[in-house]
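To begin, one chain is listed below as structure tokens, in the form predicted on its own.
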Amino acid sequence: MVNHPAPAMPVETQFELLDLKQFSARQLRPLLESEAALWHERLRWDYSSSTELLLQYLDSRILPGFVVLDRGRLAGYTFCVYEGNKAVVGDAYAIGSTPEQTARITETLLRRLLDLLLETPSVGRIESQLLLYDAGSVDGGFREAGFARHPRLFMELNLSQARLSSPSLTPEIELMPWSSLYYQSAAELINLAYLGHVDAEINDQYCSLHGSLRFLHNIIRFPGCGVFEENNSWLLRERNTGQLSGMILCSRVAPDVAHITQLCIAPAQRGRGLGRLLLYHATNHLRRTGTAAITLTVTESNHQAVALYEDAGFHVRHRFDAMVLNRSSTLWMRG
């Protein structure tokens, strides 16, 4: 039996909904380890590093969120992260006695978290990408609140089946390994590459240089998208100007699985096969280092990128939703 000092909010006859801050990392560890096992099963990710980082945050009792108890048993949790006037739904996970009950608990948690965010005047934007959940499976509360839905694809390439042909590199552009010396230039490239792009609607970090620097910092320094692999990340640079033309960044999500966290080309350099060149180089380099598979995520409406990945041999392993709500563009009426 879990002790909880504050009054509980009834959810169903046997459920209680409580503040996440009332619970310690020790109490939540079994639930998070169960979730990590599901990440491995569904997405081939070793999620243990992210689990340990999250447990540290949980012990600090600073994360806004909720926990569901089912007759005293921890049955699910959700949390969010504030970034200025933006809130990001960090996660939602539940274990019920049946799949139907699991879905009800997850939906209950998400609806309560969204209520909290929608009732907070300082929150002007809410983003959510819950990779574990099939598209359309946990979107009830989001739809009712007026979120825009962007279906995304989780794609995978078995490197034994990679089939990209070797493209040629023009003399005026050089291929070079990632270097932190190009941190600022890489952020500038990301910001430029996503101007007017659908992914900038999904992740507003792409919309400014400051946000792009934060995005780059997150994927290089934190394990949310795997452990960054400097030796498997590459840049394209114009020899005459020193400007970056393209970039592919990779991380390690399991001993034999890599994840492409970023592939972008400068707008002025598109149509020259540079994305194909970077993908070809990265996949071949990863194959030589013993990697068995590569994964990535891509927005379904980004047809050009999807076609490139399919040509390389990637297949869709999973579809999930990116959900976005801008307070300035939505009439929020809470009855």
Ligand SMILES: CC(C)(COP(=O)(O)OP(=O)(O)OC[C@H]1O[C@@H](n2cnc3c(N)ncnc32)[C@H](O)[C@@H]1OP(=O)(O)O)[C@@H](O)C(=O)NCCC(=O)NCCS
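Bear in mind that the values here come from a model prediction, so they are computed numbers and not experimental data. When you see a residue number, it is the position in the sequence shown, counting from 1.
This next part talks about the form predicted in complex with the named molecule, which is not shown.
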{"property": "Any non-hydrogen atom of F66 within 4.5 angstroms of the named molecule in the predicted complex", "result": "no"}
{"property": "Partner proximity in the predicted complex: R42 to the named molecule, non-hydrogen atom cutoff 4.5 Å", "result": "no"}
{"property": "L28 within 4.5 Å of the named molecule in the predicted complex, heavy atoms", "result": "no"}
{"property": "Contact test in the predicted complex: H197 vs the named molecule, heavy atoms, 4.5 Å", "result": "yes"}
{"property": "Residue stretch of 275 to 283, 28 to 36, 66 to 74, 52 to 60 approaching the named molecule in the predicted complex, non-hydrogen atom distance within 4.5 Å", "result": "275 to 283"}
{"property": "Whether L159, L249 and A292 all lie within 4.5 angstroms of the named molecule in the predicted complex by heavy atom", "result": "no"}
{"property": "Single option in A94, C264, L113, I126 placed near the named molecule in the predicted complex, where near means a heavy atom within 4.5 Å", "result": "C264"}
{"property": "Residues in 278 to 299 with any heavy atom within 4.5 Å of the named molecule in the predicted complex", "result": "T297, V298"}
